[in-house]
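Just the one chain here, laid out as structure tokens, in the form predicted on its own.
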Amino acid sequence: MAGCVSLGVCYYPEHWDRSLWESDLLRMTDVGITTVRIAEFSWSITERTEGNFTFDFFDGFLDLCERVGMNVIMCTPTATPPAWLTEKYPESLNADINGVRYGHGSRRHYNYNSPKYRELSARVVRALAEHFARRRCVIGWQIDNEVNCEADVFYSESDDGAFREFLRARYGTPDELNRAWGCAFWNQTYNSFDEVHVPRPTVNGAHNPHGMADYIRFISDSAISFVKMQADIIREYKKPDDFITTNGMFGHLDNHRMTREALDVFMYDSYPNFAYGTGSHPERGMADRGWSRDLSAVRSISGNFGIMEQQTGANSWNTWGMSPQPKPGQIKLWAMQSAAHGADYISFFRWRTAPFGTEIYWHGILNYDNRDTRRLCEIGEIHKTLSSLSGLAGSAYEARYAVVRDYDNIFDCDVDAWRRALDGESVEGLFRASQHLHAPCDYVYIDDGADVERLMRYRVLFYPHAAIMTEARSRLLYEYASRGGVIVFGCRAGYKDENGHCPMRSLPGLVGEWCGADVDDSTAQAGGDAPASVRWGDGKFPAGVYADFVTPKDGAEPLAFYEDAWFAERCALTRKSVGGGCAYYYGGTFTEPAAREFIARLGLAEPYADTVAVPEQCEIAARGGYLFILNFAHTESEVEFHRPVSDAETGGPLRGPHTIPPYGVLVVRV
């Protein structure tokens, strides 16, 4: 099965009697599972008391894995320090914004910057790597678990001191920090780095926004340093072909830099039906289909990635409300969603539902009673389908355009409510339009050192609200357009510098020098204002929550105008030729109707229309010579093939109409 996507499962031998281990592993192999992940919450099993290491427990389990031919991903256990550690070294604990330390008993309650915690973490990682890394069954290592999940702010004394050192290295002198943070405002000037602290409670809850952006950069830097410390130790002992990874994609963290500096591959935890209570879903567009947006972001980190935790059951803690079990077909649908977007490895969470602890309602493949379930049968069906897709693993997802992102603007959104409103509306609108028009899209992340060749893979780039713009990034985008690319900016571009200040220059700032737009005024669409519309030729759509008033310059062409507002007849959209390509400046946000208009006019919609007609309720994705059609609806979907294709699983020919069942998946070879 060369080039096939492989399957795994998360397993906790410490939760089960040893008499179950062998039968569990054999049942896994029966449904195509070839790898187990173990040990991410098991520090005490190896180091029950300080400095005293025993390896018998996991040695026994690995012996069994080698006997039955099961691969193993070993984890470092630093996400849950043992009670002896937090009791003896309370400085290792994180604290809330009031400086009150968290207690022992949950997870991720440590802080990255405690010298003692880093020392003890390094010691246990070294002990595990030295003992287990040469085992034949061990094929990879997971660092910690879900870095920055649950806790992505840190207020301990250790973090306070480390933050000052971070700023000292970044700015050199207090005066340079005062300039970067705009400390003349509200008399925040510092005479010494010793006067600077991590955020503390304030009268109105507000903090210096430029300082907060640096605080988020500091958190990211701390997390990356902690992961890299562990990865460097493991590399001293691991076998040459074994990989190092971590899982999840969480906030206040530059996941791209972490992967570049510390990991061999990035892995994600995919829970498309994540629910916090009966009948509720998080505020995510399109429910489980919305997870395709996150998978696109993961793909920007690792073009081919892994899923360390793929949902198999209802997910809840004893502290949350009830959540539903996946409906028949949904586990396969979600696994194939991951595979379609670039996953080469899919590991299901978890083998059996935990009989005790906080996650007793976070259901696995099996229930408490250990009987076969329909979920287990569905894993076997997934294995059968993926085994038929030879050559899929290692292949690239096909996208003709991308949405540009960067961490300066992402972190800025965390501290700027205006930015969050714009970004949220446009990210959702572009995603919905892409899905409904079956226009596969990538995310592409840039920084000041980005290479234009990476951007040239795409005919069109959308950069919705590039508020922070640097000279290096402006030059990068100009070169992309000059070489034939099409760049589409949204409102409020270029009004901040790298420190988040708003310089005294005309908008859209640095990109205004070449994109052909001048913004002389703007307004939020809020309160009692009648929402503005935009007229583009014979198309009309809502402008969204904001409107820049745009004047064409330097030969740019006005394309669209506002209507139904006090600023009616003002220009909303310009286009300017730039070398072999062009730049659009759009003064609104990318609501779904606006995004549809752009995607259609730029020739990005329905790229597979000559092969198949697919209804909006289905997603379509192409990878490795296969076309995935994913039906996220609870009803049947009718598709129609315009030319002969073959069913990738059965090899049978398909042409004309075909019915995909509710939550069904069809993969065809094209």
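Numbers follow the displayed sequence, beginning with 1. All of these numbers come straight from a predicted model, not from anything done at the bench.
The next section is about a form of this same protein that is not shown, the form predicted together with beta-D-galactopyranose.
**Student:** So, a 4.5 angstroms cut-off on heavy atom distances: do all three of Y401, Y443 and Y584 pass it with respect to beta-D-galactopyranose in the predicted bound form?
**Tutor:** No: none of Y401, Y443 and Y584 comes within 4.5 Å of beta-D-galactopyranose in the predicted bound form.
**Student:** May I ask you to choose, among E597, D214, D269, D416, the residue with a heavy atom within 4.5 Å of beta-D-galactopyranose in the predicted bound form?
**Tutor:** Looking at the other structure, the residue within range turns out to be D269.
**Student:** Just give me the single entry in D408, D548, E309, D159 that has a non-hydrogen atom within 4.5 angstroms of beta-D-galactopyranose in the predicted bound form.
**Tutor:** After the contact test, the surviving option is E309.
**Student:** Report the stretch among 558 to 566, 179 to 187, 505 to 513, 355 to 363 that approaches beta-D-galactopyranose in the predicted bound form to within 4.5 Å, counting heavy atoms only.
**Tutor:** Heavy atoms within 4.5 Å of beta-D-galactopyranose in the predicted bound form occur in 355 to 363.
**Student:** In the predicted bound form, does F349 come within 4.5 Å of beta-D-galactopyranose, counting heavy atoms only?
**Tutor:** Within the cut-off, so yes.
**Student:** Could you tell me if R107 has a non-hydrogen atom within 4.5 Å of beta-D-galactopyranose in the predicted bound form?
**Tutor:** The answer is yes: R107 has a heavy atom within 4.5 Å of beta-D-galactopyranose.
**Student:** So in the predicted bound form, does T78 come within 4.5 Å of beta-D-galactopyranose, heavy atom to heavy atom?
**Tutor:** T78: no contact with beta-D-galactopyranose in the predicted bound form.
**Student:** Is F243 close enough to beta-D-galactopyranose in the predicted bound form to count, meaning some heavy atom within 4.5 Å?
**Tutor:** Output for F243 is no: heavy atoms all beyond 4.5 Å of beta-D-galactopyranose.
**Student:** Pull the contact list for 134 to 166: residues with a heavy atom within 4.5 Å of beta-D-galactopyranose in the predicted bound form, in sequence order.
**Tutor:** Read in sequence order, the residues that approach beta-D-galactopyranose (within 4.5 Å, in the predicted bound form) are N145, E146.
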